[in-house]
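Before any questions on how it binds or moves, here is one chain, the form predicted on its own, in structure tokens.
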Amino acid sequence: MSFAFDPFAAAVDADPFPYYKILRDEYPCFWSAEAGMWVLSRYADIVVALNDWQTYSSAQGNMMTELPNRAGSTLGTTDPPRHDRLRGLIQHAFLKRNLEAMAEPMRAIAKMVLVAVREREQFDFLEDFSSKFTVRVLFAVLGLPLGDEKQVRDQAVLMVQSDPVTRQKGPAHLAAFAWMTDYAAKVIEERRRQPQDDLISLFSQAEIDGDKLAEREVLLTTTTLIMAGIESLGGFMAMLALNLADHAAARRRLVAEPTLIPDAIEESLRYNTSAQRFRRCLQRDVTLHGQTMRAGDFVCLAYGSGNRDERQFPDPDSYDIDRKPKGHLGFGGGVHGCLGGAIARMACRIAFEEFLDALPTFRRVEAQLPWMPSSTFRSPLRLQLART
């Protein structure tokens, strides 16, 4: 019986893990005719690819369906030495912000958003909590003007999605990217005229030994951070809430011992990461598991599969907050490991400290969830929860 794996299929959005298991066990280096690219599904192979940027290049884009003109100007779509220059300048801006000083403002945002949620017997975790929290945190960190939250969030979500039928970027998604680019350009210009204590101002001014970010680099870095900050963090928080709804014993432990929340975050990043699949372009021929991948071929790195690889993580399909999954791929790895991992972890920890204090018991309302049409990220379009 022939096996097919289409990373753009709605069935893979809904539940990729049975496909991943077959790929790892029987087709660890698989040519997906539907996607027109190779798929690497084992943890060890993905780690090798992440650490070998000379062979597995990101310079032609890293998302499975790439946005136009983005490749080559962002951290995720450049290779060293240009990537190292960009990362150094952007990291320099991040380091100027005291992360711990942001903890209390984040907590205040979480408490504020939860005021309305506390009064409801049933609510949508994404619409009513995680999206509002992440957008407001992002606005505070980047320095975006208040009042634009809903429109920015809606456009950011469209940017990471694909057409449900064609699974490619359609007119609405491209229009969202154009809108976000124009929006970011206006904010950058304003911050150049009147710098403030925010990341956009710091990006505009970042300098190491006289080297600064170019105009296009500032623009696309800001646009990417808005997109990733809203969708990646909001989506991951939804996945963590889903895990806790489905694993009541783990939820009860976190309510009783909030100091375990960081461990639950790491296990959720392994067990159900929202960052499922990213792509690379081969710069030389590679023979792996009896298959020869040619220079110029695209390769899908299935992070979500690597995180469920029993060769690396024993009993990988169990959600175990005591696991401490060292080396998981929830934030990628290699030179392209997520620069915002520390702030994302802190924001998620604070959000769930407040959420579990406000709502210690809850259940999932819908047995079948609607999933976002995206071959790169995985998160539900809504997550209805009810008090128990």
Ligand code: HEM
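Position 1 is the first residue in the sequence shown; the rest follow in order. If you're wondering where the values come from, they're calculated on a predicted model, not measured in any experiment.
Just so it is clear, the following notes concern the form predicted in complex with protoporphyrin IX containing FE, a form of the same protein that is not shown.
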Problem - Proximity of R42 to protoporphyrin IX containing FE in the model of the complex, heavy atoms at 4.5 Å - result: no
| Counting only non-hydrogen atoms and a 4.5 angstroms cut-off, does G337 reach protoporphyrin IX containing FE in the model of the complex? | yes
message: With a cut-off of 4.5 Å between heavy atoms, is R280 one of the residues that contacts protoporphyrin IX containing FE in the model of the complex?
response: yes
Does G332 reach protoporphyrin IX containing FE in the model of the complex, with heavy atoms at most 4.5 Å apart?
yes
Counting only non-hydrogen atoms, the one stretch of 177-185, 81-89, 161-169, 250-258 within 4.5 angstroms of protoporphyrin IX containing FE in the model of the complex is 81-89
Protoporphyrin IX containing FE in the model of the complex has a heavy atom of only one listed residue within 4.5 Å, and of I200, A110, L269, L220 that residue is L269
Partner-free chain; cross-checking protoporphyrin IX containing FE in the model of the complex, the single residue of L356, L67, C29, I343 with a heavy atom within 4.5 Å is I343
Near protoporphyrin IX containing FE in the model of the complex, with a heavy atom at 4.5 Å or closer, the residues from 19-43 are none
